[in-house]
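Single chain ahead, by itself, as structure tokens, in the form predicted on its own.
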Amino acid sequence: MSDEGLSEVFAFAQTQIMSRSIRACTFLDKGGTGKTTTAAHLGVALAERGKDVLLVDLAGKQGDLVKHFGRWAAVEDQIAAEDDWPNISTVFQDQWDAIAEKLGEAAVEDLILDTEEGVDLIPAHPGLDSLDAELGNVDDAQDRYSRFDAFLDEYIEPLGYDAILIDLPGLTNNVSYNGLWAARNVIVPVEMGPFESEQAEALRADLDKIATNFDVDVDLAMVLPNKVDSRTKLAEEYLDAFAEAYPDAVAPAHVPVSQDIRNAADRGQTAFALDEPSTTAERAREAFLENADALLERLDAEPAAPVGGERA
């Protein structure tokens, strides 16, 4: 498609109704940087601040986000029993509106799982793996890239969530573009190394290109240094470099490397659910809470309320 055609597509997006919730996605064109862990922990941190949070896993069939909350077995059983329709991949299909009309409120309610950590979750599904090719066959680019945004606007926003966090695949494809379009704000977890620095810089360049060529803003809302071993001089040097490169986007608190976080994920928990967190896990929890506050401020949300406070 020509730049002129894409310009019209993205300009159309600017005219759509602004969402009531804040939206952000975790994304970097690379796997293994902690995108899913970040989405899970920031989601719980926002819930700790009294926000009603929905997490959405678009990252692929492996279901890593739902595994963080110990619900994978239930989802896997549904998939095995073919009792998983509709699912997250369904909302991208041409027939979704007809499906939703036929099933009524159950169409959306059946997509959403609750967790024991104060957040709701729409899990991934194997249908996501073929979704990129299916979207690639959609001739109209406006339709191709805006389907997820339309789903959130029409079917999720009426549920009244304060925040929607979307975990995207670790590669650039049509699913990622849908998530970027819908979220408009990107959270980039980065490890302390030259490759991650290059990838983050490439993402910023891509977002700038979209803004310049297509008249739509997808903001780099937060660059979050992750798995940081601050005992090493090299890590400190990278922290300083990221702070210099992204003065307006770097997170106020880095997340330390913590075996406790890995162990908690294996048990189907975030670090917030640990009864006896290690020192590094406690520091990680404090970092995610501080970064959640910063995210709310950067996205111009209402001030955070304490747990138990009134929700919109």
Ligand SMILES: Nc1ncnc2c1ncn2[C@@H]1O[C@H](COP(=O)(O)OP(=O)(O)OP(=O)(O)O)[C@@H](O)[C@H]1O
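Numbering starts at 1 and follows the sequence shown. Quick caveat, the model's predicted, so the values are computed rather than measured.
Absent from the display: the form predicted together with the named molecule. The rest refers to it.
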Worksheet item: Applying a 4.5 Å heavy atom distance criterion, does Asn226 contact the named molecule in the predicted complex?
Response: yes
Worksheet item: Closest heavy atom of Arg49 to the named molecule in the predicted complex, within 4.5 Å or not?
Response: no
Worksheet item: Within a 4.5 Å heavy atom cut-off, is Pro247 in contact with the named molecule in the predicted complex?
Response: no
Discussion item. I'd like to know if Arg267 sits close to the named molecule in the predicted complex, meaning any non-hydrogen atom pair within 4.5 angstroms.
Written reply: no
Worksheet item: Exactly one of Val255, Ala271, Leu58, Val44 has a non-hydrogen atom within 4.5 Å of the named molecule in the predicted complex; which residue is it?
Response: Val255
Worksheet entry | Candidate from Ala251, Val66, Ile261, Val53 lying within 4.5 Å of the named molecule in the predicted complex - any heavy atom | Ile261
Worksheet item: Taking the named molecule in the predicted complex, which residues of 24-44 have any heavy atom within 4.5 Å of it?
Response: Lys30, Gly31, Gly32, Thr33, Gly34, Lys35, Thr36, Thr37
